[in-house]
Each structure stands twice: as structure tokens, then as C-alpha cells.
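In C-alpha cells, one chain follows: the form predicted alone.
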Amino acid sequence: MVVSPWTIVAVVLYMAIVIAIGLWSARRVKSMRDYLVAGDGLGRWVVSFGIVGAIVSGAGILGNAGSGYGTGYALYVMTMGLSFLGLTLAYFLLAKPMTVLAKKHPVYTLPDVLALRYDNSRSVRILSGLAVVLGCLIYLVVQFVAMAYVGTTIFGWSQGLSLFVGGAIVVIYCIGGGILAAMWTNFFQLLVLSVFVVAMAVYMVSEVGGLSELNQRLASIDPELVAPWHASGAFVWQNVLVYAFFVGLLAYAGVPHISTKFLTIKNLEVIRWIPLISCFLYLFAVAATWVGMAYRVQAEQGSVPAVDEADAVLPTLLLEAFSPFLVGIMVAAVLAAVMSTTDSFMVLSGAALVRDITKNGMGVGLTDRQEMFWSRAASLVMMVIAGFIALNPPEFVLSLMAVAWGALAAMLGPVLYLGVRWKRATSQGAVAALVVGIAIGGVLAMLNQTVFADAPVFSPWNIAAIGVAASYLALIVVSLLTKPQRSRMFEHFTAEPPVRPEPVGSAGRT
């Protein structure tokens, strides 16, 4: 495949801006606080764009277009049906307390927050750290798969070369700049991506005669393409609706690339408009579903080439319909979206391995500088592992992303949501919830994708939703059966007298 020089020029210019942001951010990172929570915090626009940019990744854009082409509305209803409410609920439940905690305590990660909430339990810290590592690894694989689709489809590269080039660029701008680089690159890429996706959706839907005509033609191809769920297969109602309710609504911010960004909010005043801004941005960015649906209609009519893999719809469409320079800008936007989410998970996974498990969980002494060095090194190792796994991609990117999101929601959502708002939750209940969430939502979910792929456990019910429900139940039951505990977290929200002022990172009870 011969790529136009104008396409290469546009991609290079775009990536140069992203790398410049990373280098600028790296110069501002002097400590772990800077590296993980952006120092004194960020304003409403950067936080809003940063959170939505991490949610609507390149994998999400490619995956939404692919799911629209391959499944119609079903996968969209499953992953996005209640997510707007779920994101809003997360803001109202979590943003204020986590912002306050970030100013009062050295909490830089989600396990830091959970350890502070649950009596500095070492078990809670280590288990939540393991959950972050497992979930981030799955999500990194998803992002690398999306990265490879762009490289192989647009540039004609091999899978391995696509992963290497994309990974190298992420390392250049992310390893040094940490969460600050992630937030500012998210801001930049989402500006471009939102315009790109909305323009593409409007263009493609108008090409088939409007939204009503699109739905009629989809129904003539296959009635299930316009149904919220399918009669059989992976998208039956038990899978679609329970995922939308338990994962999309009740545990949406269990994923650490959302919840930990609440720790970067500058002050409580910033929170006021963030939910509204985020939901508007989210709506724009997920419009790629209609791009895939319209492409399916055109492919059935023979006006555009059919694709062998549904997730190749967007790259193929770019090559067919747009000028080389515009293709380069759009490709760079998708790649930057992939990378902006990739860097968040690299930072989070490295911090979980070094700060949460090794330093604060196992008690290994590390200075702030040593912790930052080894966190960066661990992030690089996680990226390499994910890249090797991504050499054999799944059928639908968005399906694997739903598994990754569901795994994190099941493992971490209940202990965070109930922990922050329910004083009766105990460390024993949190341990039980983490074990159940990791076992069902994490380990069993991955086994269902691999070992049990032909006969998934609990099929057709969604395994991530079962993990969320079981984790909530374990936390409530065990907490009610154990002795109530005081938590230092609530000192800042009640008139209770303070308890012992031990540092959050010190060794605690198991």
C-alpha cells in the first residue's frame, strides 16, 4: 500500500504536538504527587476533557464504528445505554469526597483512597492494587489492538510494526509527563476527535438519506440490527441489559482511569459544571456508531468495499472518502485517542505495582525519586506485555473493551462507591468484595474469553454484571456481620473527633 506524503505529513505534525505536550509536562513533574495527581490540581475544562478523553479512547471510536457495522444498536445499548447516567452519578457520589481527600492526605491512587477509607488495611491495598494491574493489562491490550488496526489498515504495516511504532510514541510523551501529560493530551485529542466523529457521522448518515432511512435499510438487511438486543448469541437481553445496569450505572467509575482523575480536581468550585460538560463531550464522541451503521448499508449496496473485520470500517472509510492530508489528520486523531488512554493505564498500572503493592503493601522502602523511577519502569514492562498479547486480536475491539471495563467495575466499583458513602462498610467487607470481584469479574471473565470461550460460565448472563452484583452483596453482608469501624476519611465530612494521625502509606492491619 502506497501512503500519500500528505498523510504522513499530517500524522507527523499531529504527533509532534502530542510529544511536545508530553515533554512540557515532564519538565513540570518533580514528585510522585505531580506524576500521579498533577500537583495542586487542574481546572474544569482540562478535567472534563481529560476524563472523557480517557473514556472515549481510540479503541472506543474504532470499536463503536465496528459494532455499528457488525451488531447494529445492541453493543451500543450494552456499553453506552446507561453510561451517561452512570458518569453523572459517579460525579455526584465521588468527585467531592475524593477532591477533599486529595487536599488533606497523600492519596495519589485508587488503592491509596481505599486504604485510607478501610482503616489502612494492607489486604485492601494489595488486593485493590492487583485488581488495578489486572484490569489495566486487559485495557492496554484493547488499546494496542486498536493501534494495530490503524497501522495495518492505513499504512499497510505488519501487526508487530504497528504496535512498536505506536508504543514508542507513547513512551516518549507519557513516561516522563505522567498524569499531567495524559490530561493535556486528552484535552487536545478530544477537541479534534469530537469534531471528526460528529462530522463523519453527519456525512455518513446523510449519504444514506438520513437517520430514519438508515434504520429502515438496516432493518431490511437484518431486523436485529435495529433491535436493542438480539434473540440469541452474545447480545441477548440478559447480557445487554444487566451489563448496562450493573456496570454502566452502578459501578461506572470503578475503572481507575475515571475515579483517580477526581484526585486531580483543583478545588470544589471546579466540580460544578464538570458533569454537564462531560456528558456533552461524551455524546459527541460516541457518534461513531452511526458511522459504522451507515457504512454497513453502503457496503450491502456495493457503493463502498466490504471489510473482512468490522473494526476496520473507520480506517477503510477514511481511505475511500477523504483527501490524503485530511486522512492524516483523522488518523492522527484516532491514534492520539488510543495513546491518550494507553498512557493513563500505563501510569496507573506502574503506580499500582510499585506504590500500592511493593512500597505500601509489602513495606519496601523507597524514596519519592526511587518510587517515580520504578513506577515508570513498571509502566514500560506492562506496555511490552500488553503489546505481545495484542498480536492476536479479538473479533470486536469494543467487546473486549466491555470485558476490560466490566472487570475493573466489578473488582473496584462496589468498594469505592459504598465505601465513600456508607460508613458501616468495614475492611473485612472490602476484602470479601475485592476477592469476589477479582474472582468473578476479573479472572472468570477472562477465562470466559479464552478457556471457556465455546461455553462461557453463567452464559447468557453477563459475567461482569454478576461480578458487580456479587461484590456489592459480599461487601454489605460481611460488613454487617463484622464490628463497625471508624474511618479517617469521614473526619473531613463530619464533626467527629480525629483519630490517630498515622500516614496513609504506613503498614496497617491485614
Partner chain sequence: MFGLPTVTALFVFGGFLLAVVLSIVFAMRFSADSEEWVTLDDLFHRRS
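Bear in mind that the values here come from a model prediction, so they are computed numbers and not experimental data. Positions refer to the first chain, counted from 1.
A second form of this protein, the form predicted together with its partner chain, is not displayed here; the remarks below concern that form.
(message) The chain here is shown without its partner chain. Which stretch in 95-103, 144-152, 356-364, 118-126 comes within 4.5 angstroms of it in the predicted complex, by heavy atom distance?
(response) Correct option: 95-103.
(message) Using a 4.5 Å heavy atom cut-off, which residue among Phe280, Phe388, Phe164, Tyr203 comes into contact with its partner chain in the predicted complex?
(response) Answer to the contact question: Phe280.
(request) Check each of Asn215, Gln298, Thr316, Gln159 and return the one that places a heavy atom within 4.5 angstroms of its partner chain in the predicted complex. (result) Of Asn215, Gln298, Thr316, Gln159, the residue with a heavy atom within 4.5 Å of its partner chain in the predicted complex is Asn215.
(message) in the predicted complex, does each of Ile8, Leu13 and Ala16 have a heavy atom within 4.5 Å of its partner chain?
(response) No, none of the three is in contact.
(message) Does any part of Arg369 reach within 4.5 Å of its partner chain in the predicted complex? Heavy atoms only, please.
(response) So Arg369 does not count as contacting its partner chain.
(request) Answer with yes or no whether Trp184 is in contact with its partner chain in the predicted complex, where contact means some heavy atom within 4.5 Å. (result) Outside the cut-off, so no.
(message) So, Glu320 and its partner chain: in the predicted complex, are they within 4.5 Å at any heavy atom pair?
(response) Answer no; every heavy atom of Glu320 is more than 4.5 Å from its partner chain in the predicted complex.
(request) Give a yes or no for Val198: in the predicted complex, does one of its heavy atoms lie within 4.5 Å of a heavy atom belonging to its partner chain? (result) No, Val198 sits far enough from its partner chain in the predicted complex that none of its heavy atoms falls within 4.5 Å.
(request) Give, in sequence order, every residue of 265-284 that has a heavy atom within 4.5 Å of its partner chain in the predicted complex, or say none if there are no such residues. (result) In sequence order, Leu268, Glu269, Ile271, Arg272, Trp273, Pro275, Leu276, Cys279, Phe280, Leu283 come within 4.5 Å of the partner.
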